[in-house]
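Here you get one chain, nothing else, as structure tokens; it is the form predicted on its own.
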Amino acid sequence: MFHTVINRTIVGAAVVLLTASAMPSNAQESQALSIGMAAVVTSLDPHEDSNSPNNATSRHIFDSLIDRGGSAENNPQLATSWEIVDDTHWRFHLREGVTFHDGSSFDSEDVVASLLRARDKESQSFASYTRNIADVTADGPYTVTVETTVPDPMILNSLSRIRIISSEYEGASVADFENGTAAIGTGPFRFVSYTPGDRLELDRNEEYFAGPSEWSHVTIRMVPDNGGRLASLLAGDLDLIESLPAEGIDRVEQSDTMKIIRGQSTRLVYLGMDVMRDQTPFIKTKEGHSLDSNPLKDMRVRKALLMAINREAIVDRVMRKNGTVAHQFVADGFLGHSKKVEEISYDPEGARHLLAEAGYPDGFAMTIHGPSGRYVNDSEVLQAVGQMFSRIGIATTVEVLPWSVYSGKYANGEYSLYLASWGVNTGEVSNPALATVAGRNSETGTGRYNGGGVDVQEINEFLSKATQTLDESAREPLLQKVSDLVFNNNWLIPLHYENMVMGAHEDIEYKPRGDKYTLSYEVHRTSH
């Protein structure tokens, strides 16, 4: 039995009500939109593989209980309101009259099936969001209670990440979603066809509870090649593209029919390192022999690597000023930013001194890995980093792979040093820290993307306390301590926060989101 709703104010616990926005008057007109994504979708199963391209794409077909807004606000979606029952029970009131694309009715059983499926999926890709979910129960056709193992101040954000599928398909395979059999949601668009690595075709859901989109048909094309994406925009084959390549900025700015759309994001790009193994596979002597120990386990080596990178030059030249130098998970003004994190400057001479002090006066040989076409100018950034490492005596080879190949390997800790990023969509430190530096634990769901094997008891303890503290004023110093421990010990090497630079036809309007999702139902065409 659950307690009666408590009338008290707790941070984040206020009941939120839906305010429906008026739909455009041309909502029923036949208009097509083509979007060029900068990365490849790896799965259409909304619970199989959690990454930004997948999660943004799934949002077209499926809804969530909570709609995470572009400024990280929690808005009603399939839940119209919610309240805290006690510290470990949240009650959600569901929207009535909603139907799936096949005409079946949405109710609480679909929510129960979806949340538990995401929690129990073998891939455990959503573990950082489901790790505190103890149980989900239906308290009637339109009321659901989520029980957490501990007080969880981020539960609303977590639930915004989990898409709701029909309970009929809770046992469906990945293939069932990708061939369209199970790709049946309540979202603004219906599945038409999917060609892996190429495109997803969608039709407007005319019965969408929030009103139909102004786009009758949407094509989401996956074009990780910068040149190909730019060429498709210039040729008029795409209306809007993500990550406008640096070499295309001048061409678009000089065009009479195209424009640049800019925005700021909370996405941190960083280097992760293997700090777990005593011998790491991609670091050798310059003669190709194995080293007796893993240099990356020495903080002096990690700090030397950071000092070797001219991050200002990378942002200025490689990123064409479309980034901001980063020193920790979040910038000043966000929850958990710490004034005590040392801001390391570019100092190659100091880096060489530290290497010598650590026992590597002549350096060593290292292969660093990264994706191609996943982050803004990712290959170019990694090449620049490799050249900077070589200047301090580390003979560096750079290897880039397609995101579909790379993503699983880096998350599973197969590399010695790797390029990665995390969109801090919650605007606070626990979200990236739980995924990237918390000790990996399949039972608690922490460390799912901790590809370097960081496992520091003090970090884990502060994170555990922070994620069970509902009072934000008490949670902040705990998160600041996590920032201190991670970045003053150089467990990660922060590079920059990405800025968003999109290319579009002149009649396209779009407000970039902090999470860098490109959502077609938020794209509009200006009237002439």
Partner chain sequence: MLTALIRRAIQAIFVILAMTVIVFIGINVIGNPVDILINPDLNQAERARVVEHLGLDLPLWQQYLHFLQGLLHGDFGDSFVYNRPALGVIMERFPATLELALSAMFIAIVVGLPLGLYAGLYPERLSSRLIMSGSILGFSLPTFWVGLMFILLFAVQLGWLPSNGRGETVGFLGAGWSFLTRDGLAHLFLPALNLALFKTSLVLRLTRAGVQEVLPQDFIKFARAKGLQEHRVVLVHLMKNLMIPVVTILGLEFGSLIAFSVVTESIFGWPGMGKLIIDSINLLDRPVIVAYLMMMVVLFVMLNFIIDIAYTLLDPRVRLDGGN
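Positions refer to the first chain, counted from 1. A quick note: this is a predicted structure, and the numbers were derived from the prediction, not measured.
Although it is not shown, the form predicted in complex with its partner chain is what the next lines describe.
K.L.:
Among the candidate residues 158, 77, 125, 74, which is the single one with a non-hydrogen atom no more than 4.5 Å from its partner chain in the predicted bound form?
P.N.:
Checked against the cut-off, the match is 125.
K.L.:
State the residue from 245, 445, 451, 295 whose non-hydrogen atoms include one within 4.5 Å of its partner chain in the predicted bound form.
P.N.:
Of 245, 445, 451, 295, the residue with a heavy atom within 4.5 Å of its partner chain in the predicted bound form is 445.
K.L.:
Does residue 223 make contact with its partner chain in the predicted bound form, using a 4.5 Å heavy atom cut-off?
P.N.:
Because a heavy atom of residue 223 falls inside 4.5 Å of its partner chain in the predicted bound form, the answer is yes.
K.L.:
Taking the shortest heavy atom distance, is residue 431 within 4.5 Å of its partner chain in the predicted bound form?
P.N.:
Taking the distances in the predicted bound form, the answer for residue 431 is yes, it comes within 4.5 Å of its partner chain.
K.L.:
Residue 212: heavy atom within 4.5 Å of its partner chain in the predicted bound form?
P.N.:
Heavy-atom contact with its partner chain at 4.5 Å: absent for residue 212.
K.L.:
Can you tell me if residue 349 lies within 4.5 angstroms of its partner chain in the predicted bound form, counting non-hydrogen atoms only?
P.N.:
No, no contact at 4.5 Å.
K.L.:
Its partner chain isn't shown here, but in the predicted bound form, which of 299-307, 96-104, 338-346, 228-236 has heavy atoms within 4.5 Å of it?
P.N.:
Going through the listed ranges, the match is 228-236.
K.L.:
May I ask you to list the residues of 404-432 that have any heavy atom within 4.5 angstroms of its partner chain in the predicted bound form, in sequence order?
P.N.:
Contacting residues: 404, 405, 407, 408, 422, 425, 431.
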